[in-house]
Every structure is written in C-alpha cells, then in structure tokens.
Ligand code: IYR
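The chain below stands alone, shown as structure tokens; this is the form predicted alone.
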C-alpha cells in the first residue's frame, strides 16, 4: 500500500474584487462552450491534446487511485472502424431500444444514427473507467468511486478542450463495448464516453437553447 508524505499546500489567494472578476470571466468563457456536430478536418497539434489530458488527469479521485484511461485516436482506419460500430449500435437504438420519451427529447436536436464527425474530426478521445488495477504479483487493487472519479476528469477534459480553443462533442452510444474491441482495451476497463475533438466546420450550427438560471439549479441554505 502506498504511504504518502504530506507537503505544504500551494494555494494562491486573490483579493475579493479579483476573485469576483475571475469567477465571472470563467463563467463567461464556459457559457460559450457548445456541443457541435459539424467538425472540420483541420489538424490540431498533438501537444494541445496532451496538455488537455494532463489537465483531466489532475482531477480528484477516490483514494487518489486515478481510475481513468484516455485513448486518443487519430488514425483514419481506426476512426472508420469506430464510426461503423457506433452507427450500427445507434441504428438499433433509434429503431428499437430507445424509449419513446427519449426519442421525443432528442427530436428537437435533430440527432440520428449518422455520425460522420467520428471520421471527420482530427481526434477521438475514448474515456475508460478502470474498475481495478493489477499489482506486479497479479493481485487486484479495487477502485472505489471509479465512475464518479472518471466523470470529474471528463468534465475537466471538456473544459480544457474548450479553453484551448477547440470544440467537442460528447458521444455515448449504447452499449459501448465495441470500443474495448476496436481499441484492444483490457477487461478491467469500461468505456465511459467518446469525446470528439477538433475545430468546428465553417458552416457549423448549434440549436438556440437556453441554460437553466441559477435559481433553478442551486439552493443556498
């Protein structure tokens, strides 16, 4: 078992006016983030993606076990395989598995089983949740709160991608077992989400949606 030494916490405090300004600026930046479905094939420097992943990897996790794996896909043939498998699952989803109320909720967004962006965008980042790790002697180290931890890391990844000046799409075909097969991932990993990353196409559009106001999502007691 790992035994940690404790070191002083490096904390940067801001004066209240600057704190307010920084919080407002961060909100203003993140509220511009939108999910898109029309991507450009313009290349993106790998170093940018690496830095975004480093930011994601700084997320908190249960017992600091960091139960995430990120598989970055740029190879055209692998992207083609992922698209083919995802569209096969999506065709069955839209035709028979999706409940009517879910299809009704999706209808205004215009989504369907066609996912050309899985090949167009320069990067696909497959996010996996690891239920356990293996020690050198083959015994297992169970990961607690793995899904919650991976969700936190994914949120930070999405924010980092946006902060870097790129767009993204969270894609969650159901089921996602095909990602383990296409990407040759171990049994200890379960696909959590597929993040499509790149520049928006010149003609990209987004629905004119509204976010819930603060009073509908927060309660102060």
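Numbering follows the first chain given and starts at 1. Quick caveat: nothing in here was measured; it's all calculated off a predicted structure.
We do not show the form predicted in complex with the named molecule, though everything after this point is about it.
Think of it this way: in the predicted complex, the named molecule has a heavy atom of just one of 180, 188, 172, 40 within 4.5 Å, and the residue is 172. Checked against the named molecule in the predicted complex, the candidates 112, 133, 119, 92 yield a single residue with a heavy atom inside 4.5 Å, and that residue is 112. Proximity to the named molecule in the predicted complex, taken as heavy atoms within 4.5 Å, picks out 94-102 from the listed stretches 76-84, 94-102, 121-129, 136-144. When contacts are judged by a 4.5 Å heavy atom cut-off, residue 106 counts as touching the named molecule in the predicted complex.
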